[in-house]
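Heads up, the chain below is alone and in the form predicted alone; it's given as structure tokens.
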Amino acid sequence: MFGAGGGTSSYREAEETDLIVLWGSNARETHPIFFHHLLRGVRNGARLYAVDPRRTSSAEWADVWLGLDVGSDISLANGIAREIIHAGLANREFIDRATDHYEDYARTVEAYTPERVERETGVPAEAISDLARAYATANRAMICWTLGITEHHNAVDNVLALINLSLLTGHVGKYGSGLNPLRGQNNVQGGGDMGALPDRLPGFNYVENDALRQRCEMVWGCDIPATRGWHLSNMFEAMDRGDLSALYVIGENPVQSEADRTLTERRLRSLDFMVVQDIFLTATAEIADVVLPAAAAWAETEGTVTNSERRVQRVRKALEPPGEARDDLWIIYELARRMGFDWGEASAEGAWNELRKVSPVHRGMTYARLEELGGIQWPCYDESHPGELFLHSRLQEDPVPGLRAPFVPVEHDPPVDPLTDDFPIRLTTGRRLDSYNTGVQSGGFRSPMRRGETLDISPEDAERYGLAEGERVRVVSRRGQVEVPVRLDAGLRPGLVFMTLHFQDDVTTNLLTMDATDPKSGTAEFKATAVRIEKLEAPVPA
């Protein structure tokens, strides 16, 4: 685990270099374009630490790999924090000027001794100390994470644990330092910016804040309920209660992407009415009452896209949609018209200008400026504003304008699905370079790298269970079972196996995973399923 790819760094080396911590992310395969930028930093002298249960192809580029046990991220982060504090490396000037609740946080992490953290995470105490010193003393430091942090029952607390580290060291609000949640899909950031969140309106206006809500009400000429809505998990729970009886699904395939397929399909089939709007006839669309064929937004529509660095760029129509497919915006406008609300012409630029009226952070972004500058990063408050290069720079001002950034103490909470004698192996899920999500899009073309679904297993476990490469086995969890061929992967530690959701028509992986969800975000715990492996009887010769 510790030292893979380069060995222990010295204190002096850490002082003289920039640092990138890739935590819970196999970016080389899941965010390959971003990974090229990351490697540019490495080639320019930055040290790379990979924190991941698997020794992934990303970790192979790292100076140090910390192979932690699945679901122990908070313990590791708190242990790193304790080491930083005990070594006298906390940035007290920044903490005193820009943060709140430090003393509460320091008391919490004090319990995370090296011995305890090594026991809970499987990471040697020496490696914890090494990363702590390297991160605290780096000239510039960035923590990047993705679904390895967020697909847990305590997803928000995992993220808060990483935010706490940045506040502890002052690695936030300045060039080359900060926190980077890597986005897994095109325009995920833009969706949140537009208000696709249960408690927000466009421009991150809180729906429960009277002044912010009224700003939107004035532009839209209607009253907006002053209560937050449901996130996805809340919606599924509401189906069980009978409080949600109709569903409008746009560009989502929950039958194959939710954690517990059996439960998800039962809930969706219980609805009185379901509409699916998508570019493909997905497994979810197949059980819908109405299917609305949509255009592919990246090539068949006009509009904007917002990338992970908050840069808004224009999207231009290159092709006409095939057959009866229509632009999503046109479909929504047409539905509104048939319901008695005439919103006028379905214009992407018109919708964008409406956003600029309700969202101060987008106000200065006209289509003309987006074209001229090749994109602008929000916040951009007026038409002379260049856009902010990076967020939270106010935390580096003295005095800090506005509210200080709070430390939020969090505690280690292991996976919900426990390992037992009946289910002794931890299954974690993820993506591969050649495929995407449930395979609806990527499965439509051939790739020389694609090998179909496998149960990736360590050579040690393969020997322990008497399994050979390519042998089909039965994988059983507390919720279901699947049959899948074995693939040996030296990057896996004993007791850990890996699968994807890419090939649901062949291997329905989400029959195994559970719908234990984070109450704050609604994210399911895809990363931590307890399973056992059963050998199949040899086929009878013909």
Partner chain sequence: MTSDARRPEPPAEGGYHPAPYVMPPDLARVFTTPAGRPTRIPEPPPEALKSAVTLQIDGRSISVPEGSTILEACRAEGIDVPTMCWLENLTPVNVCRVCVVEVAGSRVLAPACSRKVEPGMDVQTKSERVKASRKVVLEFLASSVDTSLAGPAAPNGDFAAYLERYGADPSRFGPPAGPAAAGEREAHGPGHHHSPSGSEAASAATVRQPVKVDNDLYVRDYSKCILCYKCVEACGDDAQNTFAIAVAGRGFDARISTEWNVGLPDSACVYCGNCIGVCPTGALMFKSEHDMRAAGTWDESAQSTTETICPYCGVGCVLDLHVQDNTIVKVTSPMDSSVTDGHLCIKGRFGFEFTQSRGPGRPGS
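Computed from a predicted structure; not experimentally measured. Residue numbers count along the first chain shown, from 1.
Below, we refer to the form predicted together with the partner chain, which is not included among the displayed structures.
Enquirer: Tell me whether H31, R40 and D434, taken together, all sit within 4.5 Å of the partner chain in the predicted complex, counting heavy atoms only.
Expert: Judged in the predicted complex, H31, R40 and D434 all sit within 4.5 Å of the partner chain.
Enquirer: Please pick, from C144, A132, V255, A294, the one residue with any non-hydrogen atom lying within 4.5 angstroms of the partner chain in the predicted complex.
Expert: Partner contact (heavy atom, 4.5 Å) among the options: A294.
Enquirer: Using a 4.5 Å cut on heavy atoms, which of E463, E349, E217, E397 is close to the partner chain in the predicted complex?
Expert: The option sitting close enough to the partner is E397.
Enquirer: Quick one: does G491 come within 4.5 Å of the partner chain in the predicted complex, counting heavy atoms only?
Expert: No, G491 sits far enough from the partner chain in the predicted complex that none of its heavy atoms falls within 4.5 Å.
Enquirer: Are any of the heavy atoms in D413 no more than 4.5 Å from a heavy atom of the partner chain in the predicted complex?
Expert: Close contact exists here: in the predicted complex, D413 approaches the partner chain to within 4.5 Å, heavy atoms only.
Enquirer: Taking heavy atoms only, is R107 within 4.5 angstroms of the partner chain in the predicted complex?
Expert: Close contact is absent here: in the predicted complex, R107 is far from the partner chain, nothing within 4.5 Å, heavy atoms only.
Enquirer: Is A468 part of the interface with the partner chain in the predicted complex - any heavy atom within 4.5 Å?
Expert: No, A468 is distant from the partner.
Enquirer: Pick from 246 to 254, 315 to 323, 123 to 131, 84 to 92: which stretch has a heavy atom within 4.5 Å of the partner chain in the predicted complex?
Expert: One stretch meets the cut-off, namely 315 to 323.
Enquirer: Even though the chain is shown alone, can you say which residues of 190 to 213 have a heavy atom within 4.5 Å of the partner chain in the predicted complex?
Expert: Contacts from 190 to 213: Y206, N209, L212.
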